[in-house]
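Presented below, as structure tokens, is a lone chain in the form predicted alone.
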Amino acid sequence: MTDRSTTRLLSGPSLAGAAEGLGSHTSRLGPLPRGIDSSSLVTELEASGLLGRGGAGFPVGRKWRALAERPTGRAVIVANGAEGEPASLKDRVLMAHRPHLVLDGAILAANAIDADEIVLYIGQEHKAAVESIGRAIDERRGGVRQPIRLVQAPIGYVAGEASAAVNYINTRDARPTTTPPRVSEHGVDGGPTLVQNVESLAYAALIVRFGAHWYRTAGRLESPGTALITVGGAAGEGGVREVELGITVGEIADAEATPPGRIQAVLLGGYFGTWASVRDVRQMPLDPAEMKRRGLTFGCGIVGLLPTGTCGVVATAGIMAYLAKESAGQCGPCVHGLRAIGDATGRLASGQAGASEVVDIERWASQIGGRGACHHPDGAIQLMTSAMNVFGDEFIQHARTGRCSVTGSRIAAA
């Protein structure tokens, strides 16, 4: 059995190989502890300080307790592995290589909230993850009290939002639904539903085995533990790393063998995250609590490194065009507002816009926040606003001269 002091999510067989099977998983970590009552299990999670890894960062133990202490009702656990975020790879890597750790966490959650069913909700485009989780479910047949089913999420950014996931499981329509009621009150088949990111569930499986103290031995500052992050270019290419929370952005960049002068900005938290100048964040710890105080977000653990030779206006235009296209089409702020901002940003990137469009983008961004049927426009506007702050001079340069100062090239006809 592996030394618990060095065990983390990606410990075990090489990620270059096949998925870890049930036999290897159990031999390495031992079986799930038996006889733990629901209250003790949830208390241990609360003591660990584990935060959800789907983007919102809500305390996992508190989320489980709310469902465990519900008055009545048939409950369901949804393990969310949709991962529609283009810049993120962590969930699919985890599911493809450590499927039984994810299943362990889902089983623990089901037992903690007395759920009658477990649903694995996985993005259909993540073929290796779908196949790996499917085989793992087959290996568990007959050994789990609750029925387990796998539902493949459709391709789409909003398909992984909690209410969209529940809506798709119920109706095959992956659009977010307005609240109330929340999915924790009225979810899959009308029952109270716990929707939890697969990385969060995998950590829970280790915490229950090794204890809250074990989890808290990692973490340099306020937020304890380790986390999976995707490191790479802001356009989405990259690799998955498991890091101690509190590691600095500079340390991550250095580990990628990226010289300090080769990076101009960092995309933190993904497409619903924020741009930041590398000068401002190189020494900043990747700690959710500290980042929140600075107006930044850990989100789904993305550290996108934008090289000095890449235009931030062009990079932002690509993201905004994607987010506008990924609208659920349910409300004006998304359908009209994000499309207008995406189109204007695209024109600026290509040198086909005037200075007035910079003012228009700022005005539209100030009007859209908080008005959507879901949080999709809020996340997009957060990203756009941060881009205007970090790349503001370049936006103006594109608008006034039709020339990109980053690449040194003319982007519009004279």
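None of the values given here were measured: they were computed from a predicted structure. Note that residue numbering follows the sequence shown and begins at 1.
This protein has a second form, the form predicted in complex with a small molecule, left out of what is shown; the following refers to that one.
- The stretch that touches the small molecule in the predicted bound form, counting heavy atoms within 4.5 Å, is 75-83, out of 75-83, 314-322, 204-212, 100-108.
- Site residues Trp275, Gly342 and Ser386 are none of them in contact with the small molecule in the predicted bound form, judged by any heavy atom within 4.5 Å.
- In the predicted bound form, none of the heavy atoms of Leu267 sits within 4.5 Å of a heavy atom of the small molecule.
- With a 4.5 Å cutoff on heavy atoms, Arg65 does not count as touching the small molecule in the predicted bound form; it lies far away.
- Although the partner is absent from this view, Arg70 stays clear of the small molecule in the predicted bound form, with no non-hydrogen atom inside 4.5 angstroms.
- Taking the partner from elsewhere, Ser200 is found to have a heavy atom lying within 4.5 Å of the small molecule in the predicted bound form.
- Taking a 4.5 Å heavy atom cutoff to the small molecule in the predicted bound form, the contact residue among Ala115, Val195, Val303, Val188 is Val195.
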